[in-house]
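There is one chain below, alone, in structure tokens, taken in the form predicted alone.
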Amino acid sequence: MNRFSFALRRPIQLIPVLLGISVITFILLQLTPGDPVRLMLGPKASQEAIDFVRARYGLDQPVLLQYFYYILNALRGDFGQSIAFRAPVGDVIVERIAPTTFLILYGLLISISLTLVLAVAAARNRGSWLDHIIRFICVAGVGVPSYFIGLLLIMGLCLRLKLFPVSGYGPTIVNNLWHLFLPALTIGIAVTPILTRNLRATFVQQMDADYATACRSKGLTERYIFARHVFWNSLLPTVNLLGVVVAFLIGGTVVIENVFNIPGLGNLLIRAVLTRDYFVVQAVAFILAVGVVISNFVVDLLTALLDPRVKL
């Protein structure tokens, strides 16, 4: 398939995926126990007041009709009214989308940097004590939950050494780089072992390939062979894995934002679930799903750019 036509057709093919996600989210919310109107009005609210609020937010309509109106309004950019915040859902999300986006990109940058350093060091020193230490750290790191890493960083670097703030999100980029370093580092540490193991194994495989042996027979140095050939030929499998990792990063922000009290979409999602704020939960889940879909689309394009032999 022509790459230009793929870039045009792929987003259209992703529409059924997003529609399916909206259906699943809507059904799960309907099955969730609890009444958002009673939570909002309190246990002493009269039945007349409850019925009035239900009618105002359209919660008295049949489930299929509620979903139909939800999709119709979402296509026009209207995600409904937040029950807990008593404001348009779009306005509530716009206020919190920047911290989440910054945190995901920050964590991705840290994880990629750590992965390149550790994978190159392990592969170039294959079989040495450094390689064994890095591989042991990667194996151990896969089984450690991200929230536990975050709590350890808070206890060590914030409460004891007082090197970083425990929480917060500032108005400037420099301030955000400072306040969000530990949350981003937590996300980066959580996904780095997966990427490092994959990239190190690919480096080793490419270093033993026939073309690398041919380069050595010509008298080329190991440094030149690795930098000129092995490194670039090893990126493709890790880039493909990166699409899955980005999805993990997006999901991980829900936990990390609550650990570090960051006012982002993850923090908003947990609060909306606890208050049964259906419209907010649906909108946030949909936006996070869009982020995952877009990241996979970008990974597909990067795969095609790195290897022209790949047919899309």
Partner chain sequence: MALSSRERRLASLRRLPPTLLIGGALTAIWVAFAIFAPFLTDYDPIKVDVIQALKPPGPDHWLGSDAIGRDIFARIVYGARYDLAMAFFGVVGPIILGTAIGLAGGYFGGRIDSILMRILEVTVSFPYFVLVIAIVAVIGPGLKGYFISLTLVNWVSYTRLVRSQVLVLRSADFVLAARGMGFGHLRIMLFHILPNAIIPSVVFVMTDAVLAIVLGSSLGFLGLGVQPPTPEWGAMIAEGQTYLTSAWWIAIFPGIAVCSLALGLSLVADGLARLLNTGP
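Between two forms, the rigid core is the largest collection of C-alphas that superpose within 1.5 Å. Positions refer to the first chain, counted from 1. Keep in mind that this is a model prediction, so the values were computed, not measured.
A second form of this protein, the form predicted in complex with its partner chain, is not displayed here; the remarks below concern that form.
Chemist: Here the chain is shown alone; which of 214, 71, 155, 105 has a heavy atom within 4.5 Å of its partner chain in the predicted bound form?
Modeler: Flagged contact: 155.
Chemist: Could you spot which one of 98, 151, 209, 133 gets a heavy atom to within 4.5 Å of its partner chain in the predicted bound form?
Modeler: Residue within 4.5 Å of the partner: 151.
Chemist: Check, residue by residue, if 199, 203 and 299 all come within 4.5 Å of its partner chain in the predicted bound form, counting heavy atoms only.
Modeler: Contact check failed for every one of 199, 203 and 299.
Chemist: Mark residue 247 yes when one of its heavy atoms lies within 4.5 Å of a heavy atom of its partner chain in the predicted bound form, and no otherwise.
Modeler: Flag for residue 247 set to yes.
Chemist: So in the predicted bound form, is its partner chain close enough to residue 64 to count as touching (4.5 Å, heavy atoms)?
Modeler: It does not: once its partner chain is placed as it appears in the predicted bound form, residue 64 has no heavy atom within 4.5 Å of it.
Chemist: Within a 4.5 Å heavy atom cut-off, is residue 142 in contact with its partner chain in the predicted bound form?
Modeler: Residue 142: yes, in contact with its partner chain in the predicted bound form.
Chemist: Is there a heavy atom of residue 55 lying 4.5 Å or less from a heavy atom of its partner chain in the predicted bound form?
Modeler: The answer is no: residue 55 has no heavy atom within 4.5 Å of its partner chain.
Chemist: At 4.5 Å, heavy atom to heavy atom, what parts of 250-273 sit next to its partner chain in the predicted bound form? List them in sequence order, or say none.
Modeler: 250, 251, 254, 255, 258, 259, 269, 270, 273, in sequence order.
Chemist: Answer yes if the Cα of residue 70 shifts by 2 angstroms or more between the shown form and the other one on a rigid-core superposition, and no otherwise.
Modeler: The answer is yes; the displacement is at least 2 Å.
Chemist: When you overlay the rigid core, is the Cα of residue 26 off by 2 Å or more between the shown form and the other one?
Modeler: The answer is yes, as the C-alpha of residue 26 shifts between the shown form and the other one by 2 Å or more after core alignment.
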